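Here's a solo chain for you in structure tokens, the form predicted on its own.
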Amino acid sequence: MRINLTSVYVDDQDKALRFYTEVLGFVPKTDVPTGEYRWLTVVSPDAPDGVELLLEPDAHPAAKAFKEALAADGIPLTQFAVDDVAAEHDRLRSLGVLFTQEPVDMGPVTTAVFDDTCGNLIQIAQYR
């Protein structure tokens, strides 16, 4: 058994696709109309056949409430691995990304947290 798909709840799929591809650097994988919304996934350019990230609409009341509660408490919805948190922080900041937690060295891991513009806080982490 292995993980092949995970999701983030987004308030606007088009806005999310722009942010996750143009800013974060993921690449589109699947884009299938499903009525009002789309089955819309992105992947890492380093692993095009790897884990897909579903940009899932937060239309369900429970999803919206869950997402809003996490963000209000400053809790990241998910975490992405990076090779160098400081460099990625600087790159993203130069693109206008808002960080809610600057890079913090915690021994075996360095993390930072940013706002994905779609209602989520996302943590980036560098493990040693």
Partner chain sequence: MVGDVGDLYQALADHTRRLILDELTERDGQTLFEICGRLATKHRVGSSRQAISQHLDVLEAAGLVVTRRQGRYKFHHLDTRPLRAVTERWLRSAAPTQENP
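Positions refer to the first chain, counted from 1. Bear in mind that the values here come from a model prediction, so they are computed numbers and not experimental data.
Although not depicted, the form predicted in complex with the partner chain is the subject of the following passage.
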In this chain shown alone, the residue from Ala81, Ala72, Val32, Ala47 with a heavy atom within 4.5 Å of the partner chain in the model of the complex is Ala72
With the partner left out of view, is Asp115 within 4.5 angstroms of the partner chain in the model of the complex by any non-hydrogen atom?
-> yes
Applying a 4.5 Å heavy atom distance criterion, does Pro76 contact the partner chain in the model of the complex?
-> yes
Mark Thr6 yes when one of its heavy atoms lies within 4.5 Å of a heavy atom of the partner chain in the model of the complex, and no otherwise.
-> no
Using 4.5 Å between non-hydrogen atoms, is Ala62 touching the partner chain in the model of the complex?
-> no
4.5 Å heavy atom contact with the partner chain in the model of the complex for all of Glu68, Leu98 and Gly119 = yes
Can you tell me which residues in 1-36 come within 4.5 angstroms of the partner chain in the model of the complex, by heavy atoms?
-> none
